[in-house]
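Starting off, we have a lone chain in the form predicted alone, written out as structure tokens.
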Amino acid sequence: MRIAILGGTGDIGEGFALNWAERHQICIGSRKSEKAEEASDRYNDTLASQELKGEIRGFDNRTAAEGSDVIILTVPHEHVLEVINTVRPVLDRQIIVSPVVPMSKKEYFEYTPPVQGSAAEEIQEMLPDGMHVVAAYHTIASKRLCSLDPAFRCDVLICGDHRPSKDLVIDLTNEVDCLHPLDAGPLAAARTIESLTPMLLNLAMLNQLKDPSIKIL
């Protein structure tokens, strides 16, 4: 598949790119193509150093999204509308994966959902008819993902209203050695799942935890 990782120049984008590059065509997107190209060069160097196959390419967000099968929105909540408006002309039934979490930080991190109830539901309203959002990857630690180390498999809670789209994201998640997908129900469940991210950040801050994630026992 062609997977576009929009806002993919950060740690979480790098982790996805490295883990999927051997099986899929990975396109890193950014507002500026030069930034995406620089990031993709670094990721390709990492692939080579690990003796892994695959090629990761960098583009502006619209070019990365065009013709893709799956779009991962690895952008802060405040930039989602801008990114969706940028890629809207090339949206054509791609599956949109949202790890987006609306939150603020004062003394502690706080979940601040939009009126729709969750970022995932808000994004669903922004999309053309026939497109589906799957909410996933809110609670994974980016450094664990980038390490390519399967020693600890953290659980990924995945929710969505369209069964084929959710199943595809579950299959993609199974391809990553350090991740274990769990079906968490309809898209409305994103309201609960998204709120776990600020909880994990607060736990890390208060208890000196490094890269906390979730494992269901």
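Throughout, we count residues from 1 along the sequence that is shown. Keep in mind it's a predicted model, so treat the numbers as computed, not measured.
Omitted from view is the form predicted together with another copy of the chain, to which the following refers.
Interface membership of G185, defined by any non-hydrogen atom within 4.5 Å of another copy of the chain in the predicted complex, is confirmed. For the chain shown alone, C154 is a contact residue for another copy of the chain in the predicted complex, at least one non-hydrogen atom being within 4.5 angstroms.
Another copy of the chain in the predicted complex comes within 4.5 Å of a heavy atom belonging to R144.
Using a 4.5 Å cutoff between non-hydrogen atoms, M1 does not count as a contact of another copy of the chain in the predicted complex.
In summary, the region of this chain contacting another copy of the chain in the predicted complex, judged by heavy atoms within 4.5 Å and restricted to 35-43, 22-30, 176-184, 54-62, corresponds to 176-184. Annotation: in the predicted complex, residues L81, I84 and I95 none come within 4.5 Å of another copy of the chain through any heavy atom.
Contacts to another copy of the chain in the predicted complex (heavy atom within 4.5 Å) from stretch 93-110: Y108 only.
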